[in-house]
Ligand SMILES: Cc1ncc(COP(=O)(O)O)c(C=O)c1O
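Single chain ahead, written as structure tokens, the form predicted on its own.
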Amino acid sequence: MSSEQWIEDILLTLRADGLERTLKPNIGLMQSPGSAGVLDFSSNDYLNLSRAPDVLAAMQGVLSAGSGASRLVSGTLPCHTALEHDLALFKGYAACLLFGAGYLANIGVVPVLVNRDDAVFSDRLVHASLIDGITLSRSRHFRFQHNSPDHLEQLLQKASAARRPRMKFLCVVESIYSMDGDAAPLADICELVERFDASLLVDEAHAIGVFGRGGAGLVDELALQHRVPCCTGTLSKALGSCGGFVVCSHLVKELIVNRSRPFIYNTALPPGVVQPAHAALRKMQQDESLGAELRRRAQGFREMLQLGGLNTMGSISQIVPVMTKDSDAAVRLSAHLAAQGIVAQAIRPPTVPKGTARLRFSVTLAHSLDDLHRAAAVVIAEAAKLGIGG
């Protein structure tokens, strides 16, 4: 096809529906630490560790900008082994395996655990990487209503009636949901998967650093490691670096090494990424108050927005959405806030379901209490001008 008119047609439709996406400068990383003016609520650097002096110092002395090739080709580096060892202990699991990104961990692990002869039951709001992993597995896919153990139970019961011998069931959830900021009912889900002889994969990307002992996650906070066989996570959020990982048993790790295409065929994480993540992990474990302090600040910010008549949905975490429902309203509110030095991105379909567009505020330890009070006042005022909320 020589003409690109079809591409223009797609982009025009996205623009008309208020769903067009464009690349923008990262204001947060362009400003110096502590600079006044811009408040960045778009970053997932929850504990503000990406700029911590000892985390930055971990990059000094790195002898290579890259790692050469896949770990099965060029070999595992000592920094890989050391971080995997400490992440496994941190999360309370026997083994850990690093991936090039959290996205790669999810699309790399799910197809190893299940295949076309099996069935996967996922929360309707799980991340795109988990949906893609399920699609790649070619398993039968059943989606249950968000955070609804009752609906999950109905689906499991129906599927069990037609279950074949050796057919595996896998349930897939996030512990803290990235766009709603709410928590999965993990204990209830564990009871269901055990009753129906299923397994469970929990994505802890947004819980690590914020919940649990030393930031080990919600699975740790609820002491469910022995009931959750696998957790995936990321180094790119609270750990302030880049990369992903899975924690699991030694047997599952061995199977992933042999079967996971995103691990086998992807270049290994370079030392300049691994070592800062390891330094951030040590810092988190040394100061176990970081996650609790972040949650305290986020709670105060959330309560201010609620008092201003705004809908923060079911958020209980550092992720605080402000519901606008309409995509155009979300884009306009984001632009109004940007004009006043507050960066909060409009989140629209297909990232979230139709009719649930919102602004997503990511509270981090870079935000002082004064910053949060200022931001809340501006958000409430600008939302009122646009007829959003009370």
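Computed from a predicted model, the values in this text were never measured in an experiment. Residues carry their position along the shown sequence, with the first being 1.
Quick note: we don't show the form predicted together with this ligand, though the next part is all about it.
Note on contacts: among Tyr93, Phe196, Tyr103, Phe144, the single residue with a heavy atom within 4.5 Å of this ligand in the model of the complex is Tyr103.
Only one of Ser137, Thr312, Ser178, Ser122 comes within 4.5 Å of this ligand in the model of the complex through a heavy atom, and that residue is Ser178. Picking from 204 to 212, 145 to 153, 281 to 289, 75 to 83 the stretch near this ligand in the model of the complex, with a 4.5 Å limit on heavy atoms, gives 204 to 212. Though the partner is left out of this view, Lys237 does reach within 4.5 Å of this ligand in the model of the complex, counting heavy atoms only. A residue is said to contact a partner when one of its heavy atoms sits within 4.5 Å of a partner heavy atom; Gly243 meets this definition for this ligand in the model of the complex. Contact check for Gln275: every heavy atom lies farther than 4.5 Å from this ligand in the model of the complex. The shortest heavy atom separation between Gln306 and this ligand in the model of the complex exceeds 4.5 Å.
Shown without its partner, the chain has His127, Ser129 in segment 111 to 132 as residues with a non-hydrogen atom within 4.5 angstroms of this ligand in the model of the complex.
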